[in-house]
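The data below hold one chain only, encoded as C-alpha cells and taken in the form predicted alone.
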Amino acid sequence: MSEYDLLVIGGGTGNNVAAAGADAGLDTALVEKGKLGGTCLNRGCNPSKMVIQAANAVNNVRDAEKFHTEATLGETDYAAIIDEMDEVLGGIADGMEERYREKENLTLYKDHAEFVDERTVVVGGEEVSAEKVVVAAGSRPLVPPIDGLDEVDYMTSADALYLREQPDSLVILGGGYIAVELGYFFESMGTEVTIVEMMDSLVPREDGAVSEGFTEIAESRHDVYTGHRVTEVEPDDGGVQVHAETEDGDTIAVGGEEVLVALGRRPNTDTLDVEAAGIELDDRGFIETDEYLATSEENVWALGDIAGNQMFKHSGDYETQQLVETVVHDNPTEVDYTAMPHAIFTEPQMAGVGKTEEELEEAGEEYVVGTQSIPGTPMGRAKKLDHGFVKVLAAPDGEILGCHMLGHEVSTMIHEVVVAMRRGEDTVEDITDTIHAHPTLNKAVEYAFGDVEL
C-alpha cells in the first residue's frame, strides 16, 4: 500500500487542491484517469465557448447589412474550427500533466479509483491511502432509459463538441443550458436543429421572463417542441426519429441525421464505490457536505459537481480556495454561496444572480420589480440589438433579491450586481447612485434599478 498525506480524486478543479498540498510540503497523490483539467477544460465550458465564438463570427457577417455593409459569408471550414479547439485545449491539458509529473511532492496516478474504505482507494490494482482525502471526481452527461436509445448512435455534449463532420440536421433532447448553447452553435453553422423539451419553456430554471423570452427567440431559429416528453428513439433511413408526447397525449415524430442527449448531468459517485467508504449521498446520488465541504466521514471532503452544491466551474474554483485553507493549511473555512452568478452563452446571452420571481412568489416574499430594455439604451441602439432586457427584483426596503438578464454580453453586465449582492450591504440606491460610463451597455442596469419603485 502507498500512503500519502493528501489524496485528491479527480483532476478537474481538484487538481488545484493537489498542487496546493504539494506546494505546502504535503506528500500528495492525484488520481485522474482522463485528461487533467476535467470537464470544463476538455468536455464543457472551454470547448463550447470556443466553438460558440465561431458561431458569433459567422452571425456577425450575416448581420453586416444592418450597418449598410455588403458582406457575403463564404465557406466555413467546420472541421478546422473543431481541430483548432482540440489542439489548443489538448495542449493545455498535456502541458498540465507534464508539469504535474515533474512537481515535487506530487504523484500522479492516471487510472480509475474505487474506494476500499473511508480513506483508501484501489488504483490500477494498487491500494492508495492518505490521512486526508478530497473527492472531486465531477459529473457526466445523464442518459436516461429512453426506449430505443441504445439502438441508435446518439451523442452527448462531450461527443458533439468534437464532432468532425457537421450534420445536416440534429435533434436535441432537452432544453437546458447545454441544449440551447449547442443548438445555437450548430444552427449558426447551418445545421437544421430541432429541440424537444419536457417543460413548457426552454431553460426552465431561469427567471420566467428570461426563459419565455429566449424560447420565443429560439422558436424563430429552430423547430422547438416544448411540453413534450421523449418516449422513444428509433433508427430512420440512416438517421434517427424521435417520438414525444404531451401530457394530453398528443404525439409528434421528428427526425434528424444525428440525435444529441442533453438532459442534464449525474454525479460520478457510482463509479467510485463510495458506499465502501461510508460516505453519505443525497437522494440524487451527490455527496452530502457541510459548510466546510466535509463529508460524513472524518478527514474526507468533497467539492465540485460531485458534491452538487452549485454545479458551476466558478463555484468549484471558489470551493477550491476555501478547501485549500481547510485541508492544506488546517484553517477551517466555511463556504458562502451568497450571490452565485451564472450565465448561458447563446446569442443573446442569459445571466442571473439571486432569486427568480417564481421563487419569491412561492416563498411568499414581498418584492418589487424594475426592468429596462437593452435595445432601448443608447448602446443598444448603436449596436442595433433586437432583443434583451434587465430585470431587477428587490425587497420593499431596497435589498437586492435578484437580477436576471437576457441580451448581448449580459454575462459581463451581471457582475456589478453580483458585487453589490455579495457585499450584503448595498441596496438598489447604491446601484443607481453609482456613476455608469455612458453609453455602455451597463447603463441598462442603472436604468433597470432606477425603475424599481420603493
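Only a predicted model underlies this, so the values are computations on that prediction, with no experimental measurement involved. From 1 onward, residues are counted along the sequence shown.
Keep in mind that the form predicted together with a small molecule is missing from the display, and what follows is about it.
Contact check at 4.5 Å (heavy atoms) against the small molecule in the predicted bound form: all three of 48, 113 and 157 pass.
Residue in contact with the small molecule in the predicted bound form (any heavy atom within 4.5 Å), chosen from 414, 31, 428, 393: 31. When you look in the predicted bound form, the only residue of 351, 195, 133, 137 with a non-hydrogen atom within 4.5 Å of the small molecule is 137.
Residue contact with the small molecule in the predicted bound form: residue 21 places no heavy atom within 4.5 Å of it. The small molecule in the predicted bound form is not approached by residue 402, whose heavy atoms all lie more than 4.5 angstroms from it. Proximity of residue 222 to the small molecule in the predicted bound form falls outside the 4.5 Å heavy atom cutoff. Heavy atoms of residue 345 reach within 4.5 Å of the small molecule in the predicted bound form, making it an interface residue. Just one listed stretch, out of 187-195, 311-319, 206-214, 248-256, contacts the small molecule in the predicted bound form at the 4.5 Å heavy atom level, and that stretch is 311-319.
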